[in-house]
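Encoded as structure tokens, the following chain is the form predicted on its own, with no partner shown.
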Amino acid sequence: MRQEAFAAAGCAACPVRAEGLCRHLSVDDRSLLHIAPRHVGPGSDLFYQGEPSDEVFRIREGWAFLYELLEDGRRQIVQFVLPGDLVGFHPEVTAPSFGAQAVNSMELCVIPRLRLVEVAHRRPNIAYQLACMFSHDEARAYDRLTSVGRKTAIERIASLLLELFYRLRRRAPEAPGEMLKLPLTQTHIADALGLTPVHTNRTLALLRQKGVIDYGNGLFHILAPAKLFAIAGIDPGSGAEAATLFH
């Protein structure tokens, strides 16, 4: 599909058109970015740790995670990437300290990195959207660092579930009740929170025994939102994210 046609027709049908970078972009803005579609399968790498990439990826459908590998093969997942997110943007040609891998099948909008830099210099609205996105990512990274560094296993898992539910609910406000689809394995959760898969399994089972959550077949159902907030140590009235998570 030609880039101009994709910018018009493809973007109009995008399920996360109102999220992130594209929120306030005109058709002309989108055509300037030279956006091209791409499909990747589960387990595919969008880019590799330590290798420069000339492409920036906006997630249209599917999940990915950002990760760092240690020399002995241990993996730390540093962020989950959801539809509407932008990943792989670096203003300068640098080798990223992390890689990005698809959790499930993904539909991507691929933007040449240098083109995005050039357009951001010319279009303040695009530069502003990038700044807002990076600010949210930074705040989320600080919260995750605090969680992994200071919270117990059950507090970490409760906090992660609330974060993911909020981020997903923003993109699908019509989702029924407190049930959302999370295509993550317990190994993904463990690698994101500095736990072992066995410890993660036991902690999730404990939350189920307490009647706080239920899960199965890729679905997580929050049965007792107030209890989950309490376990996570989060005040449900302390911010817009918590306040709008459940309705």
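Everything numeric here is computed off the predicted structure, so don't read it as measured data. When you see a residue number, it is the position in the sequence shown, counting from 1.
Here the subject shifts to the form predicted in complex with the DNA, a form of this protein not shown in this document.
J.: Mark residue 185 yes when one of its heavy atoms lies within 4.5 Å of a heavy atom of the DNA in the predicted bound form, and no otherwise.
T.: Yes, contact at 4.5 Å.
J.: Using 4.5 Å between non-hydrogen atoms, is residue 31 touching the DNA in the predicted bound form?
T.: No, residue 31 sits far enough from the DNA in the predicted bound form that none of its heavy atoms falls within 4.5 Å.
J.: State yes or no: in the predicted bound form, is some non-hydrogen atom of residue 195 no more than 4.5 angstroms from a non-hydrogen atom of the DNA?
T.: Looking in the predicted bound form, residue contacts with the DNA include residue 195, since a heavy atom lies within 4.5 Å.
J.: Although the DNA is absent from this view, report whether residue 152 comes within 4.5 Å of it in the predicted bound form, heavy atoms only.
T.: Flag for residue 152 set to yes.
J.: Could you tell me which stretch in 59 to 67, 45 to 53, 32 to 40, 199 to 207 has residues with non-hydrogen atoms within 4.5 Å of the DNA in the predicted bound form?
T.: Looking at the other structure, the answer is 199 to 207.
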